[in-house]
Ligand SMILES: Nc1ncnc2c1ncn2[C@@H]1O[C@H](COP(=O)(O)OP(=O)(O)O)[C@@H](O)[C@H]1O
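To begin, one chain is listed below as structure tokens, in the form predicted alone.
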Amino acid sequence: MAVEMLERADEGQLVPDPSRWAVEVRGLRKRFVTRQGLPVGWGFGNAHWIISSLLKYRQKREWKQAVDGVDLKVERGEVFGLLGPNGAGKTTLLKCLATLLSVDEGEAYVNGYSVRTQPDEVRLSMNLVGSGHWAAFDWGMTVVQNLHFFGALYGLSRSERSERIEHTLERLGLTARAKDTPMTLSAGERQRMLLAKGFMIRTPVFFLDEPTVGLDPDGAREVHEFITRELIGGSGTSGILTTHRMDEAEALCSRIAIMNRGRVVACGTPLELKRLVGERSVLEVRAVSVPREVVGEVRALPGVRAAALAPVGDESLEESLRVHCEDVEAIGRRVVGMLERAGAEVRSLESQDPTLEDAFIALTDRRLA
């Protein structure tokens, strides 16, 4: 077994062993201050906050714990997934690891370097690919010109840049748009351009913050293949991936941490997380016009462990109510009766095996949209 920690002789401290761990997080905390100002309607636009600041009217400082004592270890060559609803702290954690945000408490190491005391070494060791960061591109230059510019900043020679740009654009389906400006691209094409920039720069560690957001299924599949075959499989690069898509996490990640309200509530392989549901059955009820208050009533039924509601698809009026229970037949009859009395139209009723999403529901009592 590899040694996880090494002792620093001159200080007597334990430091991470970079030969095994690409990323190690210990008790990391990050909080933000929020203020309560004037009631809505006092002033227009920025005037609301200017008046509130000058008068100090009802200003109350409150601390929001965005990341609350997170411990994680990512092995070399591993894609580690972070699942969680909006506001769970996933992006804030990545920004702390990328040294874009300072750490309030705890410590984190990227490629063996401390984010607190060695930020320059951390930045040279990692690459952050986010969603919507294409706004940082020069919109007056073409896609190729933008990529050449960023490649030059990272010290790549012109021949290296040309070779990598051609390869990544081809793999991401952007070759035909190489000489177009970002302004003429669709949102999905801009996201591909951002991915091309990130994948062109090869570093030991990658942070991928919802990399396939805005992409169609074919585009998302191409990105998945690029990550598994070349980014990770070909070079042994390590990565942390945040996503809202269960299928993406299960396909790309060897281990997954589920975050909720700034904390890691579970961590393991997809199979291990599914087993957290235990021997419970999962009842899926598809219906139309489901009142939200009915979901709370279903959760209160005896024998129900968790229940969550989400749309079936963007173009469908149906919603899926997944109920974790011990007796599917008995609970199913009661749930259907409750929905029909509330005016919902029940379309189907089915018992299913637990999925990764069911593990998420069991731990957070919520669903990922």
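Bear in mind the structure is a predicted one, so any value in this text is a computation, not a measurement. All residue numbers refer to positions in the sequence shown, first residue = 1.
Below, we turn to the form predicted together with the ligand, even though it does not appear here.
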| item | value |
| --- | --- |
| Answer option from G89, G151, G112, G130, heavy atom within 4.5 Å of the ligand in the predicted bound form | G89 |
| K64: touches the ligand in the predicted bound form, heavy atom cutoff 4.5 angstroms | yes |
| is_contact(P85, the ligand) in the predicted bound form, heavy atom dist at most 4.5 Å | yes |
| Listed range touching the ligand, judged in the predicted bound form by heavy atoms within 4.5 Å, from 170 to 178, 187 to 195, 153 to 161, 89 to 97 | 89 to 97 |
